[in-house]
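We begin with a single chain expressed as C-alpha cells, specifically the form predicted on its own.
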Amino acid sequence: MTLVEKILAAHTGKEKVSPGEFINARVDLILANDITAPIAIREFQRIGVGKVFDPKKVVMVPDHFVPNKDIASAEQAKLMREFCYEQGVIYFEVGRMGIEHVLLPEQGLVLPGDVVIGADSHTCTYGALGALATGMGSTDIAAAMATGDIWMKVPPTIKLIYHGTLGEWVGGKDLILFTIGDIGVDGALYSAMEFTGEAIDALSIDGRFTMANMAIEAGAKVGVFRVDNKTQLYIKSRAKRSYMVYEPDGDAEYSQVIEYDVSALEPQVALPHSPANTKPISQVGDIEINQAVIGSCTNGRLEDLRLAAEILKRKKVHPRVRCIILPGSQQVYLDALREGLIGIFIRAGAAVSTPTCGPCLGGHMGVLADGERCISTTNRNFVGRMGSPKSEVYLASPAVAAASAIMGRITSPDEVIKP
C-alpha cells in the first residue's frame, strides 16, 4: 500500500484498502473556521445529538475575517465562540490565534499518521507531517463532530520525485507552482500527491507545508510527505500525545510516477488567473504592481518572513506599492519580533498585520480595486479572488514578492540582492 492507503487502513480497522474503495474512517482531528463553522454548527444542532463526539478532537479557529471587519463577520465569530464555550472544544481567540493551517501544527494538534478533516480546502497542508489531511464541506464536518467518523473514497496516489539541488531563492513555493504549471489544476484530481526525492529531503518543514498546502490547487485530495528526521525534530517539542509513523511499501502501486530534475529551476510566478499559468521569473516580463502580500497559510511561517526580511533589509518599498506582511500566528509574530524582522519590515515601509487570512480571499486588510495588480505569496489567483474582478493577482515566493515590492514591478531577488 501507499502511505495514504496505510493511514486509511489503520483508521478503518482493515488490513488493506484500495483506490476507489468507499470506507468509513475514524478521525483524529476536526477543524472549522469563522466562515465554515457557523454552517457546520447549525447542521450539527439539527442532528440533535447534543454533544460533539470528543471535544479534544474538535478545533475552531477564527482567522478569515478577524479582527472582525463588520457586523456580519462579528456575528459569525460570536456564533462559533458561543458553541465552543458550550461544547468545551478547542478554541483560539483573537490575540492567541493564528491562521489555522499555521497554528495547528505549531500547537502540536496535528501529528504523523493522523486523519484530519477541515472545513477549509487547504487542510491538506498537514500532509507535510505525514498525516492524511483533507478539506470537506461544512455538512460533512457536522456529521463528523457528531460521530467521529467520515466516509470517503480511497484516492489513488501519484508519486512525484524531485531530483537535484535547488538553486538560490528557489524553495517549496517554486516547486509546487512549477508542478501545478506542468500537470494543471486538475492534474491530480481526487488523488494523493506523494512528494519524494533528494530535493524534497533537503527541503525544510516550512517548505513542505507550502507544497502540501497547494496540492489542492492541482485538484488533489491530499498532499503527503514521508516522515524523516526533520519531521521528528519538528514534532518532538510539540507532540502532547502518541502518534504512529507509516511508510509506503516498496511494492506499492501508484497511478502515476512523475519525475523532475529541479537543479536548474528558476523562481516561479503564476500569472492571472490560474495557479497553473506559471512562468519562470526570467519570462514574466515587465509587470508593474500596486501591492505585495507576504503571508497566508501558504507562506506566513517564520522561514518565509526571514526570507522577505533578507530582501527588504536596508531597502525601501517602492513609493507606489503597498507591502502587507501577515505573520501566520502569534508565535511567528513574536519570533519575528525577537529576531528584529518586524523592525526591518517597518523601516522598509511595509505594513505588518495581526495574523489573519484577510486579503487572500478578498476579505479585508488588502482588498484590490479595479485595475490593480498584486504579487502575493497566497495560493489562489482566480478572477476577483483578492477584490475587484478587474484586478490581477500574481503568485510567487516571499523572496520574489519582497523584491517586487522594492522595484515596483515583478522581479527576481537577484536584481535587488547583488552578488
Partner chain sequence: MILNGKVHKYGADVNTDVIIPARYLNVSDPAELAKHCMEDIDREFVAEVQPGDIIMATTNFGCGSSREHAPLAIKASGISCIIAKSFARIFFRNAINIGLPLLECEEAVAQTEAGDLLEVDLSSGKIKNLTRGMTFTAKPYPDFMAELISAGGLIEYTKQRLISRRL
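Positions refer to the first chain, counted from 1. Quantities reported herein were computed from a predicted structural model and do not represent experimental measurements.
Just so it is clear, the following notes concern the form predicted together with its partner chain, a form of the same protein that is not shown.
In the model of the complex, its partner chain sits within 4.5 Å of a heavy atom of M136.
Interface membership of D335, defined by any non-hydrogen atom within 4.5 Å of its partner chain in the model of the complex, is ruled out. Put simply, E372 is far from its partner chain in the model of the complex: not one heavy atom of it is within 4.5 Å. Residue contact with its partner chain in the model of the complex: A239 places no heavy atom within 4.5 Å of it. With its partner chain omitted here, the record of contacts in the model of the complex names 136-144 of 256-264, 194-202, 136-144, 87-95, defined by a heavy atom within 4.5 Å. The listed set L233, M244, I346, A72 contains one residue whose heavy atoms approach its partner chain in the model of the complex to within 4.5 Å, identified as A72. A220 is the sole member of I180, V227, L160, A220 with a non-hydrogen atom lying within 4.5 angstroms of its partner chain in the model of the complex.
Scanning 27-46 for heavy atoms within 4.5 Å of its partner chain in the model of the complex gives I35, T36, P38, I39, R42, E43, R46 in sequence order.
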